[in-house]
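The chain below stands alone and is given as structure tokens, in the form predicted alone.
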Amino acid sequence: MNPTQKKFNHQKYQAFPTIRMDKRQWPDNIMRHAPQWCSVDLRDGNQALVNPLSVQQKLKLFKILVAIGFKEIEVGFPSASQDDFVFVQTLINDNYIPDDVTIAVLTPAREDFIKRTFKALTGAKKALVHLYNSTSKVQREKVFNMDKSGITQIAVRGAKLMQKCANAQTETQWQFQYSPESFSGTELNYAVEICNAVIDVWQPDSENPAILNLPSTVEMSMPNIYADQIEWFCHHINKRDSIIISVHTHNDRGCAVAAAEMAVLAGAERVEGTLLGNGERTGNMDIITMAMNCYSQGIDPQLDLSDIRTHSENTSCLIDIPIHPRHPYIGDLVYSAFSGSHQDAISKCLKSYKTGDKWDVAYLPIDPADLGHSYQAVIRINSQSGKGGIAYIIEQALATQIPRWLQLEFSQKVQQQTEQSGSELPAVELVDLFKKNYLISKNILQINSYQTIEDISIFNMTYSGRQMNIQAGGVGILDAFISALSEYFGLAINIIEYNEQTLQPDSSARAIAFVSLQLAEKYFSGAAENEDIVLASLNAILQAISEYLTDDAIKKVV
């Protein structure tokens, strides 16, 4: 078949051109501080929703953004939406805007839209007006049918009108922002040309800088090429010390976060994005992800993300978009390990980690506790899990360390159950399974006390309300107990493994004992707790041989 006749035909596309740069610098740069953030949830995010937010819903989201710590929040497109106009006025008139927060609004470079935008901002203490018009080659030629000079005139006229409107509303502290929309598809020489034309109108300085926002309105290239575009622009724009370079990356290729990070290395000082990456088409750059990426490198993100799970869940409810369980940092499963080798590595690292140490835990780039995740939720159990992860959950629940031999045995029981159910075994059920197999007494014969007289140990027992004594000699109390049980019940018992631990390091300490016995060429394990470590050990032995101590076996010696 002719390639051009295929339904899925790559030949209809062409590679994005690379940028010729002899002295490219950004790959060797290091991010040392977080960029200036601007949330566009209430504008770009809202316009991408199937059901746009009501004024009251926008107010709830605005409060979330303030609580997180955003100092710049783009709150709407008041010239194009009556709801946005009312919302902006509500924020201003009802004093919802903290003194350290600047609200931003978007307007196209059209006279009526610009005038209505400034009307919406009446009474604001400070505001950022964001002017834009499309500049890309495809927009100029196929949408607007205009040459470069015509597109530039639109931007310049808009910039002049903004200056005039601002001069008429002197009660507000103004800052201006310009976006050559579809910057990523605009020839770099022309992007610089049109931005310089706007700067010439506004005449910013270092004390009152203007913002030039360079959006990848459509993500068209690999993120390194976008970084090249940003660096080239930074080196060629006029009045660089009076300009804040901003980026606004979209996620068409799934690289919005990477593109924004590389853009910062290339000279961008400001980043626009949304919570959860909500936005047109495949979404905007997810500020939570990029901010947490900074955090994971020891950089203060300048946002308070300690309660980000709650904020994200509330945002998800407002915008009616669920949080993917694998969403970076905040998804329900991103800190969960099911693989046995992963669980073992995490468990060992967590055991060696001490508060105050630098975080260095296998498979966990950040401490899940920083975002409100419990360590118990880190290791989750299914048929792929291993003994290390299973032991970690039991140890966290019971405050004890499970001996390796018991880990091996119990992991087989867990795998059998998870394979039968075909599903995850929740931590609570895992602990219950452990208790059922080892700790919950199955003994019909109870031990009350013990004493040693010379070389003989005597054990007082209760069976069905009646007391009995068994006795034997041995090297130590456990050996004597095994000898007594073997003699009285006709069993050949050998201790294979034994382990004892104190559960609380104080006067009220309880002890736990674990034992593995060989009996009739099979192996049996048991565990028991008691204030007395000897009684805990004796009960663990009874637990291990409980299926052999039947009524008939006991009645023979009672």
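Start at 1 with the first residue shown and count on from there. Source: prediction; values computed, not measured.
What comes next is about the form predicted together with a small molecule, which is not displayed.
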| remark: The stretch from 322 to 330, 209 to 217, 431 to 439, 480 to 488 that lies within 4.5 Å of the small molecule in the model of the complex, judged by heavy atoms, is 209 to 217
| Selected contact from 229, 136, 179, 246, since only one has a non-hydrogen atom within 4.5 angstroms of the small molecule in the model of the complex | 179
| query | Of 113, 410, 132, 190, which one comes within 4.5 Å of the small molecule in the model of the complex, counting heavy atoms only? | reply | 132
| task | Evaluate residue 43 for contact with the small molecule in the model of the complex, applying a 4.5 angstroms cut-off between non-hydrogen atoms, and reply yes or no. | result | yes
| field | residue 106: touches the small molecule in the model of the complex, heavy atom cutoff 4.5 angstroms | value | yes
| Might residue 387 be said to contact the small molecule in the model of the complex, defining contact as any heavy atom within 4.5 Å? | no
